[in-house]
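This text opens with one protein chain seen in two forms, each one given by itself as C-alpha coordinates under the names structure 1 and structure 2.
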Structure 1
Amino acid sequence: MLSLRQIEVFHAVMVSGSVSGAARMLNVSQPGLSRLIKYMESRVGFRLFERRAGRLAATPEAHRLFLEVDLIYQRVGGLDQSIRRIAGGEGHELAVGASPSVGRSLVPRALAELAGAMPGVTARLEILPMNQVQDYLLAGATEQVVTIFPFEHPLVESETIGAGRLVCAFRRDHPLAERTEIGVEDIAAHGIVAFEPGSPHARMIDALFARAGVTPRIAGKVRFAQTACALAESGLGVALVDAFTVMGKAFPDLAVRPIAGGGLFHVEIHRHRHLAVSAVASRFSIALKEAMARAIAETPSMLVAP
(Lines of atoms letter the chains of each structure in order from A and count residues from 1; the text may use other names and numbers.)
(Lines give C-alpha, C1' and ligand atoms only; values in the text may rest on other atoms or scores of the structure.)
Protein backbone atom coordinates (compact mmCIF):
# COMPACT_ATOMS: atom_id res chain seq x y z
CA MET A 1 0.00 0.00 0.00
CA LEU A 2 1.27 3.41 -0.93
CA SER A 3 1.85 5.82 1.92
CA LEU A 4 0.30 9.24 1.93
CA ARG A 5 3.79 10.68 1.76
CA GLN A 6 4.45 8.80 -1.43
CA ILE A 7 1.19 10.05 -2.87
CA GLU A 8 2.05 13.56 -1.81
CA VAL A 9 5.52 13.47 -3.32
CA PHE A 10 4.33 11.85 -6.54
CA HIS A 11 1.68 14.50 -6.84
CA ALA A 12 4.22 17.26 -6.33
CA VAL A 13 6.61 15.82 -8.89
CA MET A 14 3.82 15.48 -11.45
CA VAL A 15 2.60 19.00 -10.83
CA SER A 16 6.00 20.68 -10.76
CA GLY A 17 7.48 18.53 -13.50
CA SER A 18 10.73 17.83 -11.70
CA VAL A 19 12.08 16.35 -8.50
CA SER A 20 13.85 19.57 -7.67
CA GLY A 21 10.66 21.54 -8.19
CA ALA A 22 8.75 19.13 -5.98
CA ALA A 23 11.42 19.46 -3.30
CA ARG A 24 11.01 23.23 -3.39
CA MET A 25 7.23 22.90 -3.23
CA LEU A 26 7.41 20.60 -0.21
CA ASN A 27 10.29 22.44 1.45
CA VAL A 28 12.54 19.43 1.67
CA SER A 29 15.79 18.50 0.02
CA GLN A 30 15.90 16.85 -3.36
CA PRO A 31 17.81 13.60 -2.73
CA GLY A 32 15.17 12.28 -0.34
CA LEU A 33 12.51 12.63 -2.98
CA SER A 34 14.65 10.92 -5.62
CA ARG A 35 14.99 7.97 -3.29
CA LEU A 36 11.33 7.93 -2.37
CA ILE A 37 10.24 7.95 -6.02
CA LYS A 38 12.62 5.14 -6.77
CA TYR A 39 11.21 3.11 -3.90
CA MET A 40 7.68 3.92 -5.00
CA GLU A 41 8.43 2.60 -8.48
CA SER A 42 9.59 -0.68 -7.03
CA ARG A 43 6.31 -0.87 -5.12
CA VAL A 44 3.90 -0.17 -7.97
CA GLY A 45 5.77 -2.42 -10.36
CA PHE A 46 6.24 -0.03 -13.27
CA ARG A 47 8.39 2.96 -14.05
CA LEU A 48 6.84 6.31 -13.24
CA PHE A 49 9.50 8.55 -14.70
CA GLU A 50 12.34 8.34 -17.12
CA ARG A 51 15.34 10.53 -17.14
CA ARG A 52 15.27 12.18 -20.51
CA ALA A 53 17.33 15.12 -21.63
CA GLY A 54 18.55 15.63 -18.09
CA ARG A 55 15.04 15.93 -16.69
CA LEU A 56 12.27 13.62 -15.62
CA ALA A 57 9.58 12.62 -18.09
CA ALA A 58 6.44 11.02 -16.70
CA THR A 59 5.47 7.74 -18.30
CA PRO A 60 1.92 7.30 -19.62
CA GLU A 61 1.37 4.98 -16.65
CA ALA A 62 2.33 7.80 -14.31
CA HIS A 63 -0.25 10.00 -15.99
CA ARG A 64 -2.94 7.40 -15.47
CA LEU A 65 -1.94 6.96 -11.85
CA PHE A 66 -1.99 10.68 -11.36
CA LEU A 67 -5.68 10.82 -12.20
CA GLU A 68 -6.41 8.55 -9.24
CA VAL A 69 -3.85 10.04 -6.91
CA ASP A 70 -5.10 13.54 -7.50
CA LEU A 71 -8.55 12.58 -6.21
CA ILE A 72 -7.09 11.20 -2.99
CA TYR A 73 -4.89 14.21 -2.60
CA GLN A 74 -7.86 16.55 -2.93
CA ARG A 75 -9.82 14.54 -0.37
CA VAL A 76 -7.00 14.56 2.12
CA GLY A 77 -6.70 18.29 1.66
CA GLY A 78 -10.42 18.55 2.35
CA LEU A 79 -9.94 16.41 5.43
CA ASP A 80 -7.90 19.14 7.03
CA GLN A 81 -10.75 21.55 6.54
CA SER A 82 -13.18 19.03 7.98
CA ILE A 83 -10.99 18.63 11.03
CA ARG A 84 -10.98 22.36 11.56
CA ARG A 85 -14.75 22.49 11.20
CA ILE A 86 -15.25 19.60 13.60
CA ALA A 87 -12.84 21.12 16.09
CA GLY A 88 -14.78 24.37 15.89
CA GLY A 89 -18.03 22.54 16.51
CA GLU A 90 -19.32 23.74 13.17
CA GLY A 91 -22.48 21.95 12.20
CA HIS A 92 -22.55 20.16 15.49
CA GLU A 93 -25.96 19.87 17.10
CA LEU A 94 -25.71 19.91 20.84
CA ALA A 95 -28.79 18.35 22.38
CA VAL A 96 -29.31 19.19 26.05
CA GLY A 97 -32.14 18.05 28.24
CA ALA A 98 -33.15 19.92 31.36
CA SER A 99 -35.77 19.83 34.05
CA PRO A 100 -38.16 22.81 33.87
CA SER A 101 -36.67 25.22 36.41
CA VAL A 102 -33.02 25.12 35.30
CA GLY A 103 -34.24 24.64 31.73
CA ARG A 104 -35.64 28.16 31.83
CA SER A 105 -32.87 29.88 33.69
CA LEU A 106 -29.40 28.45 34.06
CA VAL A 107 -29.26 26.29 30.94
CA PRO A 108 -30.36 28.98 28.48
CA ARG A 109 -27.73 31.29 29.93
CA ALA A 110 -25.06 28.64 29.48
CA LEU A 111 -26.21 27.95 25.91
CA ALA A 112 -26.05 31.63 25.08
CA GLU A 113 -22.52 31.76 26.42
CA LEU A 114 -21.62 28.68 24.38
CA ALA A 115 -23.08 30.13 21.20
CA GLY A 116 -20.75 33.09 21.61
CA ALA A 117 -17.70 30.89 22.06
CA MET A 118 -18.56 28.37 19.32
CA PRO A 119 -20.63 30.15 16.70
CA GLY A 120 -21.11 27.11 14.45
CA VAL A 121 -22.88 25.06 17.08
CA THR A 122 -26.62 24.50 16.91
CA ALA A 123 -28.19 24.03 20.32
CA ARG A 124 -31.31 21.99 20.95
CA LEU A 125 -32.87 22.30 24.37
CA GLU A 126 -35.44 19.82 25.58
CA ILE A 127 -37.40 20.54 28.72
CA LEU A 128 -37.93 17.12 30.22
CA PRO A 129 -40.39 16.02 32.87
CA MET A 130 -38.78 13.84 35.50
CA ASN A 131 -39.99 10.57 34.05
CA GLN A 132 -38.41 11.19 30.66
CA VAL A 133 -34.91 11.92 31.85
CA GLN A 134 -33.91 8.29 31.91
CA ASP A 135 -35.23 7.52 28.45
CA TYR A 136 -33.48 10.48 26.87
CA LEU A 137 -30.17 9.66 28.51
CA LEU A 138 -30.16 5.95 27.81
CA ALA A 139 -31.32 6.32 24.23
CA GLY A 140 -28.65 8.93 23.63
CA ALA A 141 -31.23 11.47 22.45
CA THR A 142 -29.48 14.14 24.47
CA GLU A 143 -25.83 14.02 25.38
CA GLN A 144 -26.50 15.39 28.80
CA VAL A 145 -29.41 16.28 31.02
CA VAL A 146 -29.42 18.95 33.71
CA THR A 147 -31.79 18.50 36.65
CA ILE A 148 -32.33 19.90 40.09
CA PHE A 149 -33.18 16.53 41.52
CA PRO A 150 -31.01 13.48 42.03
CA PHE A 151 -31.09 10.75 39.48
CA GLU A 152 -29.64 7.30 40.06
CA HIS A 153 -28.98 4.69 37.41
CA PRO A 154 -26.07 2.27 36.93
CA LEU A 155 -25.56 3.50 33.33
CA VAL A 156 -25.73 7.17 34.22
CA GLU A 157 -23.02 9.18 35.86
CA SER A 158 -23.81 12.49 37.51
CA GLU A 159 -21.93 15.59 38.53
CA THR A 160 -23.15 18.19 40.97
CA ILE A 161 -22.31 21.74 39.96
CA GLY A 162 -24.14 23.71 42.64
CA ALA A 163 -27.44 24.05 44.44
CA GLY A 164 -30.33 26.39 44.92
CA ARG A 165 -32.16 26.90 48.16
CA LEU A 166 -35.84 26.39 48.69
CA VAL A 167 -37.34 29.88 48.58
CA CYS A 168 -40.74 31.36 48.99
CA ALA A 169 -42.26 33.84 46.59
CA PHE A 170 -45.23 36.15 47.05
CA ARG A 171 -46.54 39.46 45.73
CA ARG A 172 -44.54 42.49 46.68
CA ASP A 173 -47.62 43.79 48.53
CA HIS A 174 -47.83 40.62 50.61
CA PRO A 175 -47.47 41.04 54.41
CA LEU A 176 -44.41 38.76 54.40
CA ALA A 177 -42.60 41.15 52.10
CA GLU A 178 -41.34 43.08 55.09
CA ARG A 179 -39.30 40.11 56.36
CA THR A 180 -35.84 39.32 55.03
CA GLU A 181 -35.64 35.71 56.14
CA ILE A 182 -38.73 33.67 56.55
CA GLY A 183 -39.41 30.63 58.72
CA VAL A 184 -41.77 27.70 58.29
CA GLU A 185 -44.25 29.09 60.80
CA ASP A 186 -44.46 32.39 58.94
CA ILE A 187 -45.45 30.56 55.79
CA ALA A 188 -47.88 28.22 57.49
CA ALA A 189 -49.88 31.23 58.60
CA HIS A 190 -50.65 31.92 54.98
CA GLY A 191 -51.90 29.64 52.26
CA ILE A 192 -49.26 27.96 50.07
CA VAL A 193 -49.24 26.63 46.53
CA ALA A 194 -48.64 22.89 46.79
CA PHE A 195 -47.28 20.40 44.23
CA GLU A 196 -48.60 17.12 42.94
CA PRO A 197 -47.38 14.35 45.23
CA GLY A 198 -44.16 12.64 44.19
CA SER A 199 -42.56 15.62 42.52
CA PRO A 200 -39.23 16.81 43.91
CA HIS A 201 -40.76 20.05 45.06
CA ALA A 202 -43.56 18.23 46.87
CA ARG A 203 -41.09 16.01 48.67
CA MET A 204 -38.94 18.94 49.65
CA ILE A 205 -41.89 20.92 50.98
CA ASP A 206 -43.40 17.96 52.77
CA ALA A 207 -40.11 17.33 54.52
CA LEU A 208 -39.84 20.98 55.50
CA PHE A 209 -43.20 21.08 57.23
CA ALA A 210 -42.83 17.60 58.69
CA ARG A 211 -39.56 18.66 60.37
CA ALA A 212 -41.31 21.69 61.80
CA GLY A 213 -44.40 19.70 62.78
CA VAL A 214 -46.62 22.16 61.01
CA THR A 215 -49.40 21.63 58.47
CA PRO A 216 -49.82 24.49 56.01
CA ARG A 217 -53.04 25.51 54.40
CA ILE A 218 -53.15 24.52 50.69
CA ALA A 219 -54.31 27.47 48.62
CA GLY A 220 -53.56 25.85 45.27
CA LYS A 221 -51.99 22.80 43.67
CA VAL A 222 -49.78 22.65 40.55
CA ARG A 223 -47.35 20.43 38.64
CA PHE A 224 -44.66 22.95 37.83
CA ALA A 225 -42.85 25.56 39.87
CA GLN A 226 -43.48 28.08 37.11
CA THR A 227 -47.21 27.62 37.60
CA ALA A 228 -46.86 27.97 41.34
CA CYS A 229 -45.20 31.33 40.86
CA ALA A 230 -47.86 32.39 38.42
CA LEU A 231 -50.49 31.64 41.05
CA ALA A 232 -48.53 33.53 43.69
CA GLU A 233 -48.15 36.44 41.27
CA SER A 234 -51.94 36.63 41.00
CA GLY A 235 -52.17 36.75 44.78
CA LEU A 236 -53.29 33.21 45.45
CA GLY A 237 -50.75 32.63 48.23
CA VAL A 238 -47.11 31.78 48.83
CA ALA A 239 -45.18 29.70 46.32
CA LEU A 240 -42.44 27.52 47.67
CA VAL A 241 -40.06 26.82 44.83
CA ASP A 242 -36.43 26.29 43.99
CA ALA A 243 -34.32 29.40 43.58
CA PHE A 244 -33.79 28.78 39.86
CA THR A 245 -37.44 29.21 38.98
CA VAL A 246 -37.40 32.79 40.20
CA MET A 247 -33.91 33.62 38.96
CA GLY A 248 -33.39 36.90 37.15
CA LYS A 249 -36.47 38.86 36.17
CA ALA A 250 -38.73 35.91 35.53
CA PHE A 251 -41.45 37.16 37.87
CA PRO A 252 -40.95 40.90 38.40
CA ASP A 253 -44.02 41.24 40.62
CA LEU A 254 -42.87 38.64 43.10
CA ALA A 255 -40.76 39.15 46.18
CA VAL A 256 -38.49 36.22 46.90
CA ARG A 257 -37.01 35.24 50.24
CA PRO A 258 -34.97 32.24 51.38
CA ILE A 259 -36.65 29.90 53.81
CA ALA A 260 -34.84 29.27 57.07
CA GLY A 261 -34.17 25.55 57.34
CA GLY A 262 -35.25 24.92 53.77
CA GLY A 263 -33.50 22.19 51.83
CA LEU A 264 -31.27 22.44 48.78
CA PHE A 265 -32.03 21.55 45.16
CA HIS A 266 -28.80 20.17 43.75
CA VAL A 267 -28.08 20.98 40.12
CA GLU A 268 -26.65 17.91 38.48
CA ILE A 269 -25.39 17.12 35.00
CA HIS A 270 -26.15 13.55 33.99
CA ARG A 271 -24.43 11.65 31.19
CA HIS A 272 -24.52 8.17 29.77
CA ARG A 273 -21.69 6.27 31.42
CA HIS A 274 -20.68 4.45 28.23
CA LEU A 275 -20.97 7.25 25.72
CA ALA A 276 -18.15 9.71 25.22
CA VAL A 277 -18.99 13.37 25.50
CA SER A 278 -18.34 15.68 22.59
CA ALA A 279 -15.96 18.57 22.91
CA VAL A 280 -18.96 20.83 22.49
CA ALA A 281 -20.73 19.16 25.39
CA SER A 282 -17.62 19.52 27.53
CA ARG A 283 -17.55 23.18 26.66
CA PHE A 284 -21.21 23.39 27.64
CA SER A 285 -20.45 21.93 31.07
CA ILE A 286 -17.91 24.65 31.60
CA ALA A 287 -20.37 27.28 30.46
CA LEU A 288 -22.97 25.89 32.83
CA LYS A 289 -20.58 26.04 35.76
CA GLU A 290 -19.70 29.60 34.85
CA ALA A 291 -23.38 30.51 34.65
CA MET A 292 -23.86 28.95 38.04
CA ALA A 293 -20.96 30.93 39.48
CA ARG A 294 -22.32 34.18 38.05
CA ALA A 295 -25.77 33.43 39.42
CA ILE A 296 -24.32 32.79 42.86
CA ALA A 297 -22.55 36.11 42.68
CA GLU A 298 -25.86 37.82 41.83
CA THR A 299 -27.95 36.26 44.58
CA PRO A 300 -25.64 34.65 47.12
CA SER A 301 -28.46 34.21 49.61
CA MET A 302 -30.37 31.88 47.30
CA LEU A 303 -27.68 29.78 45.64
CA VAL A 304 -24.89 27.61 46.92
CA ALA A 305 -21.62 26.54 45.33
CA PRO A 306 -21.04 22.77 44.99
Structure 2
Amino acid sequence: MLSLRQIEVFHAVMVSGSVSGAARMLNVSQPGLSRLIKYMESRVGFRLFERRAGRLAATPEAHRLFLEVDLIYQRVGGLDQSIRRIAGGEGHELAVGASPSVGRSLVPRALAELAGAMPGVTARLEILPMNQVQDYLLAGATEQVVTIFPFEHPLVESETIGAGRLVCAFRRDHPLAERTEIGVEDIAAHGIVAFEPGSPHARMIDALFARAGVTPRIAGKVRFAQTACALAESGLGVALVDAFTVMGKAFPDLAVRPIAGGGLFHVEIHRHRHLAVSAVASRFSIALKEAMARAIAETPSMLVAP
Protein backbone atom coordinates (compact mmCIF):
# COMPACT_ATOMS: atom_id res chain seq x y z
CA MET A 1 0.00 0.00 0.00
CA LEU A 2 1.18 3.49 -0.83
CA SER A 3 0.62 6.40 1.52
CA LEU A 4 -1.04 9.61 0.36
CA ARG A 5 2.32 11.34 0.61
CA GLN A 6 3.96 8.76 -1.66
CA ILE A 7 1.11 9.09 -4.16
CA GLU A 8 1.57 12.87 -4.09
CA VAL A 9 5.30 12.56 -4.78
CA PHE A 10 4.79 10.08 -7.63
CA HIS A 11 2.17 12.35 -9.22
CA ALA A 12 4.47 15.38 -8.97
CA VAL A 13 7.38 13.53 -10.62
CA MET A 14 5.17 12.28 -13.46
CA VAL A 15 3.65 15.72 -14.08
CA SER A 16 6.95 17.67 -13.86
CA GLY A 17 9.06 15.02 -15.64
CA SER A 18 11.91 15.24 -13.15
CA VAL A 19 12.76 14.86 -9.48
CA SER A 20 14.02 18.43 -9.33
CA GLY A 21 10.78 19.73 -10.80
CA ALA A 22 8.75 17.69 -8.33
CA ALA A 23 10.89 18.99 -5.48
CA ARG A 24 10.09 22.57 -6.51
CA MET A 25 6.38 21.77 -6.83
CA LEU A 26 6.26 20.24 -3.36
CA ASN A 27 8.81 22.64 -1.82
CA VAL A 28 10.98 19.82 -0.47
CA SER A 29 14.57 18.68 -0.97
CA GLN A 30 15.52 16.71 -4.07
CA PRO A 31 17.53 14.02 -2.21
CA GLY A 32 14.56 13.35 0.07
CA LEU A 33 12.31 12.79 -2.95
CA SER A 34 14.84 10.47 -4.59
CA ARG A 35 14.97 8.33 -1.46
CA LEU A 36 11.18 8.25 -1.24
CA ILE A 37 10.91 7.09 -4.87
CA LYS A 38 13.37 4.26 -4.20
CA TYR A 39 11.27 3.25 -1.20
CA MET A 40 8.09 3.34 -3.29
CA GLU A 41 9.64 1.05 -5.86
CA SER A 42 10.48 -1.46 -3.15
CA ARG A 43 6.86 -1.32 -1.98
CA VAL A 44 5.22 -1.80 -5.38
CA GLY A 45 7.72 -4.41 -6.56
CA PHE A 46 8.69 -2.84 -9.91
CA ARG A 47 10.78 0.01 -11.29
CA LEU A 48 9.01 3.34 -11.70
CA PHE A 49 11.75 5.42 -13.32
CA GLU A 50 15.00 4.89 -15.19
CA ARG A 51 17.80 7.22 -16.21
CA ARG A 52 17.99 7.57 -20.00
CA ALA A 53 20.52 9.98 -21.58
CA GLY A 54 20.71 11.90 -18.32
CA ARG A 55 16.95 12.29 -18.05
CA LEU A 56 14.38 10.54 -15.88
CA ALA A 57 12.14 8.22 -17.88
CA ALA A 58 8.97 6.70 -16.52
CA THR A 59 8.55 2.97 -17.07
CA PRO A 60 5.45 1.54 -18.78
CA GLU A 61 4.37 0.31 -15.34
CA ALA A 62 4.67 3.86 -14.01
CA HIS A 63 2.46 5.14 -16.84
CA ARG A 64 -0.18 2.54 -15.99
CA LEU A 65 0.03 3.47 -12.32
CA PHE A 66 -0.22 7.14 -13.20
CA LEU A 67 -3.61 6.58 -14.87
CA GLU A 68 -4.95 5.33 -11.54
CA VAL A 69 -3.22 8.03 -9.51
CA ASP A 70 -4.50 10.77 -11.80
CA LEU A 71 -8.05 9.57 -11.22
CA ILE A 72 -7.45 9.97 -7.49
CA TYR A 73 -6.27 13.54 -8.07
CA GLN A 74 -9.33 14.33 -10.14
CA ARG A 75 -11.52 13.07 -7.33
CA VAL A 76 -9.56 15.09 -4.80
CA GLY A 77 -10.04 18.13 -7.02
CA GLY A 78 -13.77 17.46 -6.99
CA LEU A 79 -13.61 17.17 -3.22
CA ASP A 80 -11.93 20.59 -3.01
CA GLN A 81 -14.78 22.07 -5.04
CA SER A 82 -17.33 20.38 -2.79
CA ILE A 83 -15.59 21.78 0.28
CA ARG A 84 -15.68 25.29 -1.18
CA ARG A 85 -19.38 24.93 -2.00
CA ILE A 86 -20.16 23.68 1.50
CA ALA A 87 -18.08 26.45 3.08
CA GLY A 88 -19.96 29.00 0.97
CA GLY A 89 -23.31 27.57 2.02
CA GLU A 90 -24.28 26.57 -1.52
CA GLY A 91 -27.43 24.47 -1.47
CA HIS A 92 -27.97 25.09 2.27
CA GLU A 93 -31.45 26.11 3.40
CA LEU A 94 -31.25 28.08 6.62
CA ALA A 95 -34.50 27.96 8.59
CA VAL A 96 -34.83 30.70 11.19
CA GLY A 97 -37.75 31.05 13.58
CA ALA A 98 -38.54 34.48 15.03
CA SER A 99 -41.13 36.19 17.15
CA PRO A 100 -43.13 38.76 15.14
CA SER A 101 -41.38 41.92 16.34
CA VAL A 102 -37.80 40.94 15.48
CA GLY A 103 -39.02 38.88 12.53
CA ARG A 104 -40.34 42.01 10.85
CA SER A 105 -37.14 44.04 10.72
CA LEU A 106 -34.08 42.91 12.69
CA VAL A 107 -33.91 39.30 11.47
CA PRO A 108 -34.53 40.22 7.80
CA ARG A 109 -31.63 42.69 8.02
CA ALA A 110 -29.35 39.91 9.24
CA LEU A 111 -30.58 37.49 6.56
CA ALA A 112 -29.90 40.09 3.86
CA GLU A 113 -26.35 40.50 5.15
CA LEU A 114 -25.90 36.72 5.22
CA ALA A 115 -27.09 36.51 1.61
CA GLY A 116 -24.41 39.00 0.60
CA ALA A 117 -21.70 36.98 2.32
CA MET A 118 -23.01 33.53 1.35
CA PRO A 119 -25.13 33.91 -1.82
CA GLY A 120 -25.62 30.17 -2.17
CA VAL A 121 -27.76 30.01 0.98
CA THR A 122 -31.55 29.93 0.80
CA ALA A 123 -33.23 31.53 3.82
CA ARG A 124 -36.58 30.42 5.24
CA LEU A 125 -38.06 32.71 7.90
CA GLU A 126 -40.88 31.44 10.09
CA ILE A 127 -42.79 33.95 12.25
CA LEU A 128 -43.78 32.16 15.44
CA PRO A 129 -46.19 33.06 18.23
CA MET A 130 -44.90 32.38 21.72
CA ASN A 131 -46.71 29.05 22.13
CA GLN A 132 -45.06 27.57 19.01
CA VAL A 133 -41.42 28.38 19.75
CA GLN A 134 -40.67 25.30 21.86
CA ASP A 135 -42.10 22.75 19.41
CA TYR A 136 -40.49 24.43 16.40
CA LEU A 137 -37.03 24.44 17.97
CA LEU A 138 -37.03 21.07 19.73
CA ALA A 139 -38.56 19.26 16.76
CA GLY A 140 -35.49 20.22 14.72
CA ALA A 141 -37.36 22.47 12.28
CA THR A 142 -34.67 25.12 12.83
CA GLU A 143 -31.22 25.49 14.37
CA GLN A 144 -32.16 28.68 16.18
CA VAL A 145 -35.08 30.89 17.10
CA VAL A 146 -34.87 34.64 17.79
CA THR A 147 -37.36 36.15 20.23
CA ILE A 148 -37.93 39.19 22.44
CA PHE A 149 -39.09 37.08 25.35
CA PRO A 150 -37.23 34.58 27.55
CA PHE A 151 -37.59 30.88 26.88
CA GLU A 152 -36.57 28.36 29.51
CA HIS A 153 -36.24 24.66 28.82
CA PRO A 154 -33.56 22.14 29.91
CA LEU A 155 -32.75 21.37 26.25
CA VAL A 156 -32.44 25.00 25.20
CA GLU A 157 -29.55 27.43 25.61
CA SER A 158 -30.12 31.14 25.06
CA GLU A 159 -27.88 34.11 24.25
CA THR A 160 -28.93 37.72 24.80
CA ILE A 161 -27.66 40.10 22.09
CA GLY A 162 -29.47 43.34 22.91
CA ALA A 163 -32.73 44.85 24.11
CA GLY A 164 -35.47 47.21 23.03
CA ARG A 165 -37.44 49.55 25.24
CA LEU A 166 -41.18 49.60 25.77
CA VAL A 167 -42.28 52.59 23.68
CA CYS A 168 -45.48 54.51 23.06
CA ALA A 169 -46.71 54.86 19.48
CA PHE A 170 -49.49 57.19 18.29
CA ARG A 171 -50.52 59.27 15.29
CA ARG A 172 -48.22 62.16 14.46
CA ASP A 173 -51.06 64.61 15.07
CA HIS A 174 -51.76 63.15 18.55
CA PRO A 175 -51.45 65.54 21.55
CA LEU A 176 -48.66 63.35 23.00
CA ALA A 177 -46.47 64.08 19.96
CA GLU A 178 -45.30 67.28 21.63
CA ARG A 179 -43.51 65.31 24.37
CA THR A 180 -40.02 63.78 24.14
CA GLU A 181 -40.80 61.15 26.80
CA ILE A 182 -44.15 59.74 27.87
CA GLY A 183 -45.20 59.12 31.47
CA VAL A 184 -47.69 56.52 32.65
CA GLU A 185 -50.12 59.24 33.71
CA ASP A 186 -49.92 60.74 30.23
CA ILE A 187 -50.84 57.40 28.68
CA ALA A 188 -53.70 56.83 31.11
CA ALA A 189 -55.42 59.96 29.82
CA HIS A 190 -55.83 58.24 26.46
CA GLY A 191 -57.18 54.85 25.45
CA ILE A 192 -54.56 52.13 24.90
CA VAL A 193 -54.51 49.11 22.63
CA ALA A 194 -54.23 46.17 25.02
CA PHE A 195 -52.77 42.69 24.48
CA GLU A 196 -54.00 39.22 25.34
CA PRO A 197 -53.37 38.37 29.00
CA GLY A 198 -50.14 36.45 29.59
CA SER A 199 -48.34 37.70 26.50
CA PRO A 200 -44.92 39.36 26.96
CA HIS A 201 -46.35 42.76 26.06
CA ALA A 202 -49.35 42.37 28.36
CA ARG A 203 -47.16 41.36 31.32
CA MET A 204 -44.86 44.34 30.87
CA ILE A 205 -47.70 46.83 30.38
CA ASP A 206 -49.64 45.48 33.36
CA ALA A 207 -46.55 45.78 35.56
CA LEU A 208 -45.96 49.35 34.36
CA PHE A 209 -49.44 50.52 35.32
CA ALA A 210 -49.44 48.50 38.53
CA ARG A 211 -46.26 50.21 39.73
CA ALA A 212 -47.82 53.61 39.04
CA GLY A 213 -51.13 52.64 40.65
CA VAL A 214 -52.97 53.67 37.48
CA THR A 215 -55.71 51.84 35.62
CA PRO A 216 -55.59 52.39 31.85
CA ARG A 217 -58.61 52.78 29.60
CA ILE A 218 -58.77 50.02 26.98
CA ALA A 219 -59.53 51.25 23.47
CA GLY A 220 -58.94 47.92 21.72
CA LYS A 221 -57.41 44.46 22.11
CA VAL A 222 -54.99 42.58 19.84
CA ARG A 223 -52.65 39.58 19.75
CA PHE A 224 -49.68 41.11 17.96
CA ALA A 225 -47.72 44.34 18.33
CA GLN A 226 -47.96 45.09 14.59
CA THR A 227 -51.75 45.03 14.87
CA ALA A 228 -51.60 47.38 17.84
CA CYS A 229 -49.54 49.82 15.77
CA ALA A 230 -52.00 49.58 12.88
CA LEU A 231 -54.86 50.48 15.20
CA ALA A 232 -52.89 53.36 16.72
CA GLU A 233 -52.02 54.61 13.23
CA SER A 234 -55.72 54.64 12.39
CA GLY A 235 -56.37 56.79 15.45
CA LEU A 236 -57.73 54.14 17.81
CA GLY A 237 -55.83 54.98 20.97
CA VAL A 238 -52.09 54.60 21.59
CA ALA A 239 -49.98 51.44 21.29
CA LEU A 240 -47.45 50.35 23.88
CA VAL A 241 -45.06 48.07 22.02
CA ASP A 242 -41.44 47.00 21.85
CA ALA A 243 -39.07 49.25 19.92
CA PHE A 244 -38.35 46.55 17.31
CA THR A 245 -41.94 46.62 16.06
CA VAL A 246 -41.62 50.25 14.99
CA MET A 247 -38.14 49.97 13.42
CA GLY A 248 -37.91 51.14 9.83
CA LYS A 249 -40.80 52.77 8.00
CA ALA A 250 -43.55 50.21 8.43
CA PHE A 251 -45.83 52.77 10.12
CA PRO A 252 -45.02 56.15 8.55
CA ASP A 253 -47.92 57.97 10.24
CA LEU A 254 -46.86 56.97 13.75
CA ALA A 255 -44.77 58.99 16.17
CA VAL A 256 -42.79 56.97 18.73
CA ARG A 257 -41.58 58.06 22.16
CA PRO A 258 -39.82 56.21 24.99
CA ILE A 259 -41.84 55.58 28.15
CA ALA A 260 -40.48 56.78 31.46
CA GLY A 261 -39.86 53.74 33.63
CA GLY A 262 -40.74 51.37 30.81
CA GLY A 263 -39.18 47.91 30.73
CA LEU A 264 -36.87 46.17 28.27
CA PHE A 265 -37.56 43.39 25.79
CA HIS A 266 -34.37 41.33 25.51
CA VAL A 267 -33.48 39.85 22.13
CA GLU A 268 -32.38 36.26 22.58
CA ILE A 269 -31.07 33.59 20.24
CA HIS A 270 -32.29 30.16 21.33
CA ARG A 271 -30.56 26.93 20.25
CA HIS A 272 -30.91 23.23 21.03
CA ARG A 273 -28.40 22.51 23.77
CA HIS A 274 -27.29 19.12 22.42
CA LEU A 275 -27.23 19.75 18.67
CA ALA A 276 -24.27 21.11 16.73
CA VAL A 277 -24.79 24.37 14.84
CA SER A 278 -23.94 24.59 11.14
CA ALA A 279 -21.41 27.06 9.79
CA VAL A 280 -24.23 28.90 8.02
CA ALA A 281 -26.24 29.23 11.24
CA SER A 282 -23.14 30.48 13.05
CA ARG A 283 -22.58 33.08 10.34
CA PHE A 284 -26.21 34.16 10.68
CA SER A 285 -25.73 34.66 14.43
CA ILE A 286 -22.79 36.96 13.68
CA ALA A 287 -24.86 38.89 11.11
CA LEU A 288 -27.70 39.22 13.62
CA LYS A 289 -25.39 40.64 16.28
CA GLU A 290 -23.96 43.09 13.77
CA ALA A 291 -27.47 44.15 12.72
CA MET A 292 -28.35 44.62 16.39
CA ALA A 293 -25.27 46.78 16.98
CA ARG A 294 -26.08 48.98 13.99
CA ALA A 295 -29.69 49.36 15.10
CA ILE A 296 -28.55 50.42 18.57
CA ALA A 297 -26.25 53.03 17.03
CA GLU A 298 -29.12 54.35 14.89
CA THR A 299 -31.67 54.64 17.74
CA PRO A 300 -29.86 54.69 21.09
CA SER A 301 -32.94 56.11 22.82
CA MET A 302 -34.97 53.03 21.90
CA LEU A 303 -32.44 50.17 21.86
CA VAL A 304 -29.69 49.16 24.26
CA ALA A 305 -26.67 46.84 24.18
CA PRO A 306 -26.77 43.52 26.06
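Between two forms, the rigid core is defined as the largest C-alpha subset superposing within 1.5 Å. For numbering, take structure 1's sequence and count from 1. Please read all numbers here as calculations on a predicted model, not as lab measurements.
Undergrad: Is the form predicted on its own shown as structure 1 or as structure 2?
TA: Answer to the question: structure 2 is the form predicted on its own, whereas structure 1 comes from elsewhere.
Undergrad: When you overlay the rigid core, is the Cα of residue 294 off by 2 Å or more between the two structures?
TA: Shift at residue 294: below 2 Å after core fit.
Undergrad: After superposition on the rigid core, does the Cα atom of residue 71 shift by at least 2 Å between the two structures?
TA: The answer is yes; the displacement is at least 2 Å.
Undergrad: Determine whether the C-alpha of residue 62 shifts by 2 Å or more between the two structures once the rigid core is superposed.
TA: Yes, because once the rigid core is superposed, the C-alpha of residue 62 moves 2 Å or more between the two structures.
Undergrad: In Å, how large is the CA movement of residue 6 between the two structures relative to the superposed rigid core?
TA: On core superposition, this C-alpha lies 6.9 Å from its counterpart.
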